[in-house]
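The chain below stands alone and is given as structure tokens, in the form predicted alone.
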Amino acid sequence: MKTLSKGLDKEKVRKISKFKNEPEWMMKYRLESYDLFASKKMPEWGPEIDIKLDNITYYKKVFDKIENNWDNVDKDVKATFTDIGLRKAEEEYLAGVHVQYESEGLYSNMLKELRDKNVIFLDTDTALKKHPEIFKKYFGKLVKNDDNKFAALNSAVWSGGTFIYVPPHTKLDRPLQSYFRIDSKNMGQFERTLIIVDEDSDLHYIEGCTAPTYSDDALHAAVVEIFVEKNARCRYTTIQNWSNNVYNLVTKRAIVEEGGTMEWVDGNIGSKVTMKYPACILKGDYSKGTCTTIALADSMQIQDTGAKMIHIGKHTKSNILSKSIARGGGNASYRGLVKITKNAAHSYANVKCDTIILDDKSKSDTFPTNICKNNESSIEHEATVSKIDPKQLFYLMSRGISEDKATELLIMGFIDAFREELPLEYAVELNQLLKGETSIECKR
């Protein structure tokens, strides 16, 4: 096992790079990123980030190698992942699986038919070693290390994550999937995901995130960069169930070329504070971007989520659908940006934000920024905030359904548009997560 002591300085950044036996350019990049991180202030907008960064462990490697046979994974760790839903049988409907535990991957496997098509699906550390040219071409080009404080932190201490390259004219008929697990007190996880979907190709990628609850805070600060080439399509589905001691501060960004499509499907169930706004840069003409999100804020939780759509190409289209639920004193807010630039003529954007508040202690806010720089394009924005309809609740209860069950059914109906975007197995998993949080209480 390799573990750094708590806190961060330049020497620890050097050690991470040496542990991984990285090329000199990556160590230089990390050290430059550390200087940027140290110089940048905490975000002055959004929820307060009250985390003691000196208490965080920035690197912990538990296992010496990545297994490609699930039967060879440590039995205790395997039991942990079985408890959160990853079972060997699931690989029957997945094209490949990657599992990360703390700072490093512990398991990775992919179907032979995809390897024969030259699809690359690796942990990001291995991709740096095996595919250095393509790695360096794309890494840090979309989310630069000076983008924000936590992108700079990730760039300094990143470890693990997923690297995917889909060659031109390649369709994946089954998803690739990764699981990320934080299992220690005061742990930081800083995976780096890099995905390239080449021309006329198609990818669906799914990730799941989880952690046990501790009294001390943990930190998840990931960076995701996705490149969608001409006429390609990428769907990125996240079901995040971090425990309520985790600060979840993520930068996700995709750039979409001519005729391409990027789809974000983003589920945020847990965490103490989440700040996450998946972005599409619609660079090419006729490119499309969608983001469908759900956020559940329970007691002492803040979900500050949304999306960003930047229209650069002509005839581009974007759609944002945000569903938020606040209960038990939680705060579920939408924060988003839509910008149609001067040259993005004949473009269209639609934003719809719906929030349901289940008691008098909870709250929700909407912070939209919508900018249209030309007269041939349009942006539509709609936002609603409501409570459980007492008439609908009374109707269901008059049919012999308990109040808790009736409320649950109405909430499932409220998020139906999100569940429809998930594969069946994951829609069932989402239902269980929502039901398992706490019993749902409704104050009429």
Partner chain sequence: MLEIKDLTIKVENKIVLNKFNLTINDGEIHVIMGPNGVGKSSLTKVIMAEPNYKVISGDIIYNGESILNLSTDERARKGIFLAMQNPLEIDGVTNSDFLRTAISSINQKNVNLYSFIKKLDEAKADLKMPDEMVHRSINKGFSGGEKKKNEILQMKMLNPSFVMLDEIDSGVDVDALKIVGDNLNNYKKENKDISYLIITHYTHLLRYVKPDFVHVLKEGKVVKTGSYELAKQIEDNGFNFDKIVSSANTGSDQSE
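Positions refer to the first chain, counted from 1. Being a predicted model, the structure only gives us computed values, none of them experimental.
As for the form predicted together with its partner chain, it is not shown, yet the points below apply to it.
When its partner chain is considered in the predicted complex, only one residue from 26, 396, 56, 66 comes within 4.5 Å through any heavy atom, namely 396. Residue 409 is the only one of 38, 409, 42, 31 with a heavy atom lying within 4.5 Å of its partner chain in the predicted complex. Although the partner is absent here, residue 385 lies well away from its partner chain in the predicted complex, with no heavy atom inside 4.5 Å. By the criterion of a heavy atom within 4.5 Å, residue 49 is excluded from the residues contacting its partner chain in the predicted complex. Put simply, residue 376 is far from its partner chain in the predicted complex: not one heavy atom of it is within 4.5 Å.
Although the partner is absent here, residue 380 lies well away from its partner chain in the predicted complex, with no heavy atom inside 4.5 Å. Within 4.5 angstroms of its partner chain in the predicted complex, the stretch 356-391 places a non-hydrogen atom from 391 alone.
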